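Starting off, we have a lone chain in the form predicted on its own, written out as structure tokens.
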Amino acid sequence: MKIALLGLGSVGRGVAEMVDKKDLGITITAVADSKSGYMDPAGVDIPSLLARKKKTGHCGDTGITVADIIKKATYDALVEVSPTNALTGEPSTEYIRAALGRKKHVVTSNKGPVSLAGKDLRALARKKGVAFRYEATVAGAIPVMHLLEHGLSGNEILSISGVLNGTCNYILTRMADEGLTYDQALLEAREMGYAEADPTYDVQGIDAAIKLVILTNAIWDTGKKLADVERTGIDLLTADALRLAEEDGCTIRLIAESCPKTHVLRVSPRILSKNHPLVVEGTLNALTLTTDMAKEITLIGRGAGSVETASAIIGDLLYIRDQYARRA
């Protein structure tokens, strides 16, 4: 299977490294970053590519653009892992449309296009007879989309709830375990590399809300947007609130919830008993699916990381390869 890789940040490097390390039957034939591109129909030399990127900041020729890669490169699937624009989804949405228009499969970790234009992109993929997959947009290495599509086939999904942001979960864990203030825990999260210099996207629940929208639309095809989510972050949470919860044998986690029948679509701090399945530690993610036949199923795993996200992307690629090989 030949792939073109758009984006060579943390996730893109993770994908490239795993393709190089493991015998997966995947060949990278084109790569683009924000400033350059490189194409080789026979397959890119990945160690040389990564060394060049590290040394120069460019993956290839500054005269080769993303548009050139999409339109001219030889590939079966486009892997789109460029940075997310949560407000517009661009330019990634147009990259994805262009590849689907060429009847190329698309796998992405980019939450912007999926949350804002997922329904249209899925419809375009169906029209062109190709796949559009986005396991990596929600909960990192946890294979929730695969479970929803295959492991729970025949079940009606009644509701979902979960911890979908590792940064917030780390902050809340440290506040509860060590009695840190929010500011102290946030500083520690920054020092550990879990929080950005501007943590707004995480701590105000925006990231979790976008992931909730993606899951909700994937399950129920409701066409929800970020603005539809009732959202409260953790940035105003005090150490006293965690201490009071502790006195009752509870703790606090930022929980994303969706249930169409009760019109619930929200992200907010919730008080949970310490033995609740969604009370996970550190940067872990957790998600509970409530169904009519299987009842409650809880998934726990790493919600971020270059290799962890690469796991989800590679899983989608191999699924596409196997499914479409059977149809051929």
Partner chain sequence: MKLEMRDSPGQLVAALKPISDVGGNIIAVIHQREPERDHDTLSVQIVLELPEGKRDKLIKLLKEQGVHVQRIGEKRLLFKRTVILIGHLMHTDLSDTVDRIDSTGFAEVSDLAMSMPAVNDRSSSRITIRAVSKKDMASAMTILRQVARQKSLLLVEPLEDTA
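Since we're looking at a predicted model, the values are computed, not measured. Positions refer to the first chain, counted from 1.
The same protein also has a form predicted in complex with the partner chain, omitted here; what follows describes it.
The chain is drawn here without the partner chain; in the predicted complex, the stretch among 107-115, 228-236, 68-76, 82-90 whose residues come within 4.5 Å of it by any heavy atom is 228-236.
The partner chain is not drawn, but in the predicted complex it has a heavy atom within 4.5 Å of A245. Contact annotation for H276: at least one heavy atom lies within 4.5 Å of the partner chain in the predicted complex. The closest non-hydrogen atom of I271 lies within 4.5 Å of the partner chain in the predicted complex. Proximity of I142 to the partner chain in the predicted complex: non-hydrogen atoms within 4.5 Å are absent; the residue sits far from the partner. Comment: the partner chain is not present in this chain, but in the predicted complex one of V130, A185, V203, I252 has a heavy atom within 4.5 Å of it, namely I252.
A single residue from the set I157, L180, A241, A98 has any heavy atom within 4.5 angstroms of the partner chain in the predicted complex; that residue is A241.
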